[in-house]
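Form predicted alone, single chain, as structure tokens, below.
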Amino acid sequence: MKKSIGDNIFPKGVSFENGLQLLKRAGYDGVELWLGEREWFQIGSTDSQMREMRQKIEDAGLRVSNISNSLDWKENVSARDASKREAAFRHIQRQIEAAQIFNTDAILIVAGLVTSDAPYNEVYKRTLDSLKKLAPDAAAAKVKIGVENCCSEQKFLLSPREFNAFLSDVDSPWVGIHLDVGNIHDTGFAEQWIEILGPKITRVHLKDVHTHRGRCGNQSVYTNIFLGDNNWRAIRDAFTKVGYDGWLIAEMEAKYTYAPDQQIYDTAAAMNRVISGNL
């Protein structure tokens, strides 16, 4: 397995180039790029600008693990508002184009937001219809769409069998799950999701969780690898059982008050232990 981390973890004030050098020194194999998150990678970034970014990444001795976006929470393919759905289609299609430029074969999206005003069945239908429309674009580009499991935040696809049934309804080898082992803390167990969805996993996000905490601020449920309640031995065994040998991508909240770069080094060391199975 190869390890990556998002460019959204680069310490404040650190340039893209210096952030890449930091990842290389810490021992990462790649970087996850977040469309819409940092000034160097926005929806208005041109193909030429992306090619310049790719050259910087290659010069640093890294690869792009996948293309994610921070835009789906405001512009989602499940939205009632047709203009928001169209905006979501545009940025997802731009992710697919970016994936080709950056020579990676996977993107991450958040699809389906259930609220008191947007009931589950309605969201399911719109999300399904949207992904069926996007699947041919992904197939033509040979880029897999990984739908992330943000179970609690989305109130959608809360169990692994439910998620598996949804992907079966989409019925495309180019649409799978970008599995986040931290986002499952109050809706099940990560290792069980891995075993049920193994062949459909496009990429994996790693983080840990405190199952007894809230969801924001200083009481955020999310924490660094090995500091929470995930069963890391069971998670590692599940990867072996389903034969997953792809990218592991740390998705961390910036937690260090001092020496913020140290979090990047510490995360890389923890990921090495997960990959080696020395737990």
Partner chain sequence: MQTRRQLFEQALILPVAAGLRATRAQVAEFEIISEPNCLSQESADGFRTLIAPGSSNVILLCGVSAIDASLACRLRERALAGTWVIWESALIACEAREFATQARILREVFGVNLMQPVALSPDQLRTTGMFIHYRWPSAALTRSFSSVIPVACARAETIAWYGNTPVAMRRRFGSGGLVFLGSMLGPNLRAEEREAHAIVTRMVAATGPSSRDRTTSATG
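Values in this document were obtained by computation on a predicted structure and should not be read as measured data. Residue numbers count along the first chain shown, from 1.
The same protein has a further form, the form predicted in complex with its partner chain, not shown here; the description that follows concerns it.
Residue heavy atoms within 4.5 Å of its partner chain in the predicted complex occur in exactly one stretch of 37 to 45, 239 to 247, 52 to 60, 65 to 73, and that stretch is 239 to 247.
This chain appears without its partner; in the predicted complex, the one residue of V204, V209, L197, L134 with a heavy atom within 4.5 Å of its partner chain is L197. Every residue in the set R161, E191 and D229 has a non-hydrogen atom no more than 4.5 Å from its partner chain in the predicted complex. Taking non-hydrogen atoms only, A26 never approaches its partner chain to within 4.5 angstroms in the predicted complex.
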